[in-house]
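What follows is one chain in structure tokens, specifically the form predicted alone.
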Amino acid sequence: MDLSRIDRRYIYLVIAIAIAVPLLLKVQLPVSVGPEVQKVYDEIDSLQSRDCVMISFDFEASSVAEIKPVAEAVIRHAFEKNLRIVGLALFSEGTAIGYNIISSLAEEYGKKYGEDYIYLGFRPQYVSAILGMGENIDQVYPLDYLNDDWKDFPPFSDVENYHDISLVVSIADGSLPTYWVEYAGSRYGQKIAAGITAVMATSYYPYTASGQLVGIIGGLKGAAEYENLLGYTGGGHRGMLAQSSGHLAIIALVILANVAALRKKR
């Protein structure tokens, strides 16, 4: 059989099956928790009930499949600890996505808008927004995503600036965590953690080693590690299984193609 004459659509079908089937299975891969993820978990777990965390959705729609499980793991932990969440977005594409993620999980946990979480929405010019919130969040975001005066909600009326935020978590697919470190961390002493795509992880290990970032959650593997710590199987585990299955299918196809090429040459 001459594999070079196989319709490439069959190859696409094999890859599709290799990725889709694991997503339907409830199989949990063994995942060991790395120190960077453990540090983020420990930091959030050390907070007291009703402390305030800020979660910034700093990503584009193209990264949702990888970054959503990271965001969900952090939000679940915050809700389980009964923390107040201030959500916002510094990338326009992440605005509605971030709101939908928080709202759906809030409904699952029985949390109410204005009592347990608020969502401030999007502001352009992220450097100005980050610096401005160090002085007064209300001046940067006078109204929330729903066009209400969020200061009218009593649980959040005392939130003025970073002094009232225990931790900022930047959920990002690019360089936004760097700006949080430079302008919120260095200038205002704000503690910052980052949930990032796997390809960005190596760029931020030095920030964790230096203490400029509390820790990082890197891609699907980081999400799966965090899910392990929380004791549930979510999008991180399913994504890791599908990703691993897809990689194995590609390796098998490469080996098969090379074997076929050698046979043809002989």
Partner chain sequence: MTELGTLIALILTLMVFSFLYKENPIYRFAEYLLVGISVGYYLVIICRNTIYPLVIEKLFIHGEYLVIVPVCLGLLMFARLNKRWAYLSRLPLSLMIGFGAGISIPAMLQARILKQMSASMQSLATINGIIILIGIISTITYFYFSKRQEGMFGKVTRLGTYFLMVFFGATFGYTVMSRISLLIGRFEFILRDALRVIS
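Numbering follows the first chain given and starts at 1. Note that the coordinates shown come from a computational prediction; the quantities given were computed from them, not determined experimentally.
Keep in mind the form predicted together with the partner chain is missing from the figure; the text below concerns it.
Contact between G121 and the partner chain in the model of the complex is found at the 4.5 Å heavy atom cutoff. Of the heavy atoms in A201, some are within 4.5 Å of the partner chain in the model of the complex. Looking at T197, you'd find a heavy atom of it within 4.5 angstroms of the partner chain in the model of the complex.
The partner chain is not drawn, but in the model of the complex it has no heavy atom within 4.5 Å of G110. Shown here without the partner chain, the chain has V127, L131, Q139, V140, P142, L143, D144, Y145, N147 in 125-157 lying with a heavy atom within 4.5 Å of that partner in the model of the complex. Distance between the C-alpha atoms of I11 and A198: shorter by at least 3 Å in the model of the complex than in the displayed form.
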